[in-house]
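Quick setup: the structure tokens below cover two forms of a single protein chain, split into structure 1 and structure 2.
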Structure 1
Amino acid sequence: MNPSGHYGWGLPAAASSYAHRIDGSLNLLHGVMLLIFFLWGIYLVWCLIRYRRKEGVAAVYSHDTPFSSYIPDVVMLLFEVWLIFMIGIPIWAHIREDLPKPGKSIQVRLVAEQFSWLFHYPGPDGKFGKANSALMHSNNPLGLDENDPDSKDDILSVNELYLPLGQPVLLEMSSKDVVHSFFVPEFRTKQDIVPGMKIPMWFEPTATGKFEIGCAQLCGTGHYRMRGDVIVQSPQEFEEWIQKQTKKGS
């Protein structure tokens, strides 16, 4: 069962605006790792053959540590400093700190609970209704205050995050009970959702289709089945979905 064709051996398809930058880092690092491993490995094997015990040949007695033996350490240090400052911090700052402006993005609140994802949309008025944990019950899992006019057109979608193509999304995430983690492999994005904290995260899908959400942090006996889908549609289809949901609600 792999209808989307996104998944296979190796990295899943890349489908967010910053996914290719993360893939670039993954490829770079794995290239460097393979290079180091093979250099080490070839040297090791060569030593094992060249310096195996031979009758009448004694080992070389030496306590010297020539300056050249520090070259690998220095090269490693320089490479890592370059990596951190030229690649690591810029990408990480982009992912964590370049949160999209409210007017130019879709805003969704994500409330995680054992073992489902509750996506709360503000509806056509663009305003989230007040929510209060004291009002939460099975028919009102978000605890929306029905007396608040802003809450009238709010939309709740369980385990399905509908998004339009071409806009970044700003997720404001919170958890009702334990630590969960929002993970969409194709978007190369992952963020823990810690109870007691409101944690923002953003991404911009670059393809329409269905993308799987998994929970990446052990959250109890149902952790393995805490899954969902991101459904990315064209802006028109998304608008129709919003209209349909609003009607259903009112």
Structure 2
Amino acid sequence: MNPSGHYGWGLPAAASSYAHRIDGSLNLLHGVMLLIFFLWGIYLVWCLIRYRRKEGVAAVYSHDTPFSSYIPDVVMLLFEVWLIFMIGIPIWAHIREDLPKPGKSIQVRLVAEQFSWLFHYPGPDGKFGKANSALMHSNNPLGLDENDPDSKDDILSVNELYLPLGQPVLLEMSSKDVVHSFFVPEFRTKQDIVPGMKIPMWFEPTATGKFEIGCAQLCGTGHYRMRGDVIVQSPQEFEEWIQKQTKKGS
């Protein structure tokens, strides 16, 4: 999928396992609001006709309000409570609490900095090498300890997150400097990354192609150019990419 083809008049293309649930809740909310708009419009027109000015009929400026006039308000309140507890909270809990198990997901560490995204893969051994901020420099932006055997096959990708189709991805996100926000509209994911914190986030790609990463938090003068791409491939293509990067680093 080409990023330019993901956008139209409505929401961007849905490309994650929970994107359709989020879209469904939005469509339900917008549909109900549209229905209310038309019903109130019809009622307003009826009132303009029914209570229009007539010769010999005095205007009434006060009247007793019957209990039945509160029925629309009660119905809307019940709908909003149902929407929150039956739709909103279950979706939120699924996204924020149902994190995939490390052994059953692709694990990637994301380190955000002004103004790029650094993606750290554990390599074929499945183990992340040790990192030390004192070791950070232009050729080692993550501060990986070269003396640690686990870091020998680690992979670093700048502004490009390669992923396999149909497998859950668990991101452990952190920031070197200021607050950033990882945003991929097609996945319906947006998460602030706060310095000093390690923040987990997950999604499961359901379509191959390239999806743009944007920073949704103003993070400095170069904020406009802090972008990257999620590149979703078939599992075979992803494995070939891993092997290629491992040989390149050896």
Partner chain sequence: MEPNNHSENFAQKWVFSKDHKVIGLQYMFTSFSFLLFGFSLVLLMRWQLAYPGNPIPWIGSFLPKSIAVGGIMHPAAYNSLGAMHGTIMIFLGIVPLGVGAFGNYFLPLQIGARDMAFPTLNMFSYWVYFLGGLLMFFSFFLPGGAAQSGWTSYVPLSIISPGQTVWLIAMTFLITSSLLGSINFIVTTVNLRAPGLTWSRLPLFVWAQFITALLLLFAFPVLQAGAVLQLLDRIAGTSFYIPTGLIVGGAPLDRSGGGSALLWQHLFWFLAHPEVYVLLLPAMGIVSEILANGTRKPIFGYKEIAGSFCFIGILSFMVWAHHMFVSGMKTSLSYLFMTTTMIISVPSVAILTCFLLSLKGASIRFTLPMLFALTFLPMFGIGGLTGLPLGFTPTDVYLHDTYYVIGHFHYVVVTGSMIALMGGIYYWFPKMFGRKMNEFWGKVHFWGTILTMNGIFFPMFIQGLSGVQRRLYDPTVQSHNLAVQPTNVFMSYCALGLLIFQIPFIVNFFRSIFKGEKTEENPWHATTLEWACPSPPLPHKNFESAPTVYRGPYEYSVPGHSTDYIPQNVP
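Just so we're on the same page, residue numbers count up from 1 along structure 1's sequence. The structure presented is a predicted model; accordingly, all values stated were derived computationally and were not measured. Take the two forms, find the largest set of C-alpha atoms that superpose within 1.5 Å, and that set is the rigid core.
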ask   = Of these two, which one is the form predicted in complex with its partner chain?
value = 1
inquiry  = Keeping the rigid core superposed, can you check how far the CA atom of F38 moves between structures 1 and 2, in angstrom?
reply    = 2.5
ask   = In Å, how far apart are the CA positions of V57 between structures 1 and 2 with the rigid core superposed?
value = 4.4
